[in-house]
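The structure tokens that follow cover one protein chain in two forms, given apart as structure 1 and structure 2.
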Structure 1
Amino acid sequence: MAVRPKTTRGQARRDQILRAAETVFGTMGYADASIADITREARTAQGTLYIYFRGKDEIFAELVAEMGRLTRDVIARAVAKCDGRLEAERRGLEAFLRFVAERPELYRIVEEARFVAPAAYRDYFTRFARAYRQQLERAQRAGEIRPGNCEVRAWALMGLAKALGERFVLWDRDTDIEEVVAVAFDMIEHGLAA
């Protein structure tokens, strides 16, 4: 496992390495990135990197886990004061897409993790889905949403957000996120039936 620094200075250096790795992996991809690229971007010695990480695979997996923590935190803050599950869906989707727009390299790392670090990729989505399912179950018990399989719903809603993030944020940087959220939320709220 990656070493957690005991000092503020050590934590700052570790974070500096992670931010550099985020840029390098997110722009070059895992296969083309090297430790030398990361340390050059971080403006630190290779030996310093090895104080905190065993290699680029460990750094990559740490970035996937970090994306999971950050995403869950961003969405939790966005939905904290919502008046119901449907409002939480709208606000959560918007918060997610805005976060992807702010940190596109980190999102690309998660996408690449499917092939580079499949265990980290699976853990990222499984943790998210577990919490999402629980929130949907609470909303279902409260009568805020109709009865149904909350596990399937959680994965379907995550898939929707993932695809929208890729198409309308990574591929098209000039997208009106509010418009994308409005259209997607209309479908979430009303379905496709005429």
Structure 2
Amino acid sequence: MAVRPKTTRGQARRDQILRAAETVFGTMGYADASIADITREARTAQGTLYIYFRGKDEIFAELVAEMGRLTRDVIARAVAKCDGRLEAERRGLEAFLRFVAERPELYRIVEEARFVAPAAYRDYFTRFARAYRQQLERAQRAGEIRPGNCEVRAWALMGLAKALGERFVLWDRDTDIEEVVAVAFDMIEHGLAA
């Protein structure tokens, strides 16, 4: 029951199952996805899944955690050698949207986690927000951005990115991401006031 693989073969099986779960959960959603669907996709027996995971929720939560590491990594890379927070803001948003475009299933899983694996979901966004806030505070101290509560701003900016991803990437698979980023960034930089 839920053992960490000790051989290469075991590691491979575990991965095989995780990848299958990603596909199945991502396309059918948690409720409609059955263990049978996942193991069929993974080409293993149902019992095999229970060697590596405690159950349906645990494998889902694991995907969310994996996704957390991945997203943080993608954004961090994109933002790494930007000079100036505003530039980082633009690049980060663009990287995020492109990432959603590339792995829409994974992103759906993160959002569904809000209801299926609340702890994992909260963890995902809380971690992200903490880092985000620190970046903003640093920029604020450097006088790059207006003063103001950076916790609130971090969450506002995350929400903005999520909504754009949902509407312009998941729903319309063919909108011009660059255009969306440009418009959003103008708002982030200068606000709405004429």
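These numbers come from a predicted model, not from an experiment. Think of the rigid core as the biggest set of C-alphas that the two forms share within 1.5 Å after superposition. For residue numbers, the reference is structure 1: its sequence is counted from 1.
Here, the chain labelled structure 1 is taken from the form predicted alone. The Cα shift for Ala12 between the two structures, taken after rigid core superposition, is 2 angstroms or larger.
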